[in-house]
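The data below hold one chain only, encoded as structure tokens and taken in the form predicted alone.
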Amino acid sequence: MVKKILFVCLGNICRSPAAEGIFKQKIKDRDLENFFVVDSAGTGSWHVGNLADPRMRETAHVRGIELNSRSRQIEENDLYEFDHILVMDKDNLHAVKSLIKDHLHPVNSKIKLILSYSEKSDLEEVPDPYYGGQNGFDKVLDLLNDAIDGLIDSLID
């Protein structure tokens, strides 16, 4: 059965497209592409239609990860369409949960912080690198790389 995974951050130009790209690369490397549908979205609409931030694209590219998705805003229907919704921080966790209107079909259990799957970090949130320097983009990729390993392992067990 195909599992649908959605990664969510604020603007869908740094953290969530990076998570999407890393996840896609890891499932390709493990020959698991046929078992997953992967997407990313933002809780805000400022960057809809744009590619990921050039700094994040370049940082990912150096690591062999391509970020080709275009930014979109999460919609209520995504809550029911996707099997797992992984958010980058608590603000976006609350924003995603605020979209829940149909309380007859609970979806809270499928919405989690991505770093809950991390094995190497004690952080709960992936920091937003947008207003920082290069180190922030590298840190995001390191955190996501670890957490996505844990996520994939949990999904294929």
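Residue numbers run from 1 along the displayed sequence. Note that the structure is a prediction, hence the values are computed from the model and not measured.
We do not show the form predicted together with 4-nitrophenyl phosphate, though everything after this point is about it.
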H47, K112, K97, K26: which sits within 4.5 Å of 4-nitrophenyl phosphate in the predicted complex by any heavy atom? H47
Any of the heavy atoms of I13 lying within 4.5 Å of 4-nitrophenyl phosphate in the predicted complex? yes
Indicate whether 4-nitrophenyl phosphate has at least one heavy atom within 4.5 Å of a heavy atom of E125 in the predicted complex. no
Does 4-nitrophenyl phosphate get within 4.5 angstroms of any non-hydrogen atom of C9 in the predicted complex? yes
Using the partner position in the predicted complex, report whether Y130 sits within 4.5 Å of 4-nitrophenyl phosphate, counting heavy atoms only. yes
